[in-house]
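Below you will find one chain, with nothing else, as C-alpha cells; this is the form predicted alone, and questions on how it binds or moves follow later.
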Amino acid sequence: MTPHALTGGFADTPLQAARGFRAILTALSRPGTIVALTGATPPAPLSPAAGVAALVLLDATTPLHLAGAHDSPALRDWIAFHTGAPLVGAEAAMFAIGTWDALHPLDRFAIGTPDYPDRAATLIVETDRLEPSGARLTGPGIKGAAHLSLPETAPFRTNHARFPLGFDTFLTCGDRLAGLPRSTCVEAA
C-alpha cells in the first residue's frame, strides 16, 4: 500500500458522510436531479463525486468491481484503506465503478431475484458530461418529467422493463452525481 492511499478521504467523517449520504439519497429518490458531492480527493481516474459515493456506500461487506482504467493499484489501495470493500469480479459485485464502456457487457451484473430484488448491483458510471438535458425520465420521484444526459438509452429501457429486477445507476462527472433507479422509465430525447 502506498502512502497516497492513506489520503483523500473525509477530513470530518461523521459530518461529510452524513451530507454525502443525504445528497446520494436525494439523487436516487429524485431521478434526474444532479447533486454536488465534495470532500474526497481519490486517486485518478476516480472522480470526487464517485469517491464520496464510495466512502459513503462501501464497507467490508459490499463487494466492489472496478472496471477498465478504474482497476488500478492506486485506486485498489485507496478503496481498501478507506472502505475495506472486497474487490470481486463483475458477477459477484454489489457495486461497480467504471466508465460506461468499461462496465459492458451489463448482463454480467446481478439484477436480483424475484424473492430478493434488492440483491442487484449498483453501477457508478463515470461520465464526461452530466447535464439536465437529453433522455426523458418519468416515474417515481419525478414530477412530470426530467431530463438527463445518458451515455445511451436502450440499456436503461431494457433495465426498466425488468422491474422490480434490474440494476440501479449513479452517474458521476467531476463533483456531480445523478441517480437513475431501475424504476425510472427512460425515453430517447
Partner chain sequence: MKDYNFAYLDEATKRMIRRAILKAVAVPGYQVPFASREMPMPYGWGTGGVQVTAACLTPEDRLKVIDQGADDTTNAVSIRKFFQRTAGIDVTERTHEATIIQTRHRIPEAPLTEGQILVYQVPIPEPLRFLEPRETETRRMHALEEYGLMHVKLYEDIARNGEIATAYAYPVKVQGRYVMDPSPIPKFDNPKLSDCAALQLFGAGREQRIYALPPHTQVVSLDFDDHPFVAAKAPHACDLCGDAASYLDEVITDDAGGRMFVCSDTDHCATRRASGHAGRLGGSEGAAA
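Numbering follows the first chain given and starts at 1. Quick caveat, the model's predicted, so the values are computed rather than measured.
Omitted from view is the form predicted in complex with the partner chain, to which the following refers.
Note on contacts: among 46, 150, 55, 124, the single residue with a heavy atom within 4.5 Å of the partner chain in the predicted complex is 55. Look at 59-67, 150-158, 124-132, 34-42: in the predicted complex, residues with non-hydrogen atoms within 4.5 angstroms of the partner chain sit in 59-67. Mapping the unseen interface onto this chain, residue 73 falls outside it, with no heavy atom inside 4.5 Å of the partner chain in the predicted complex.
Not displayed here, the partner chain is kept clear of residue 9 by more than 4.5 Å at the level of heavy atoms in the predicted complex.
Among heavy atoms of residue 114, some come within 4.5 Å of the partner chain in the predicted complex. Residue 118 belongs to the set of residues with a heavy atom inside 4.5 Å of the partner chain in the predicted complex. Heavy atoms closer than or equal to 4.5 Å to the partner chain in the predicted complex belong, across 22-58, to the residues 22, 24, 25, 28, 29, 30, 55, 56, 57, 58, ordered by sequence position.
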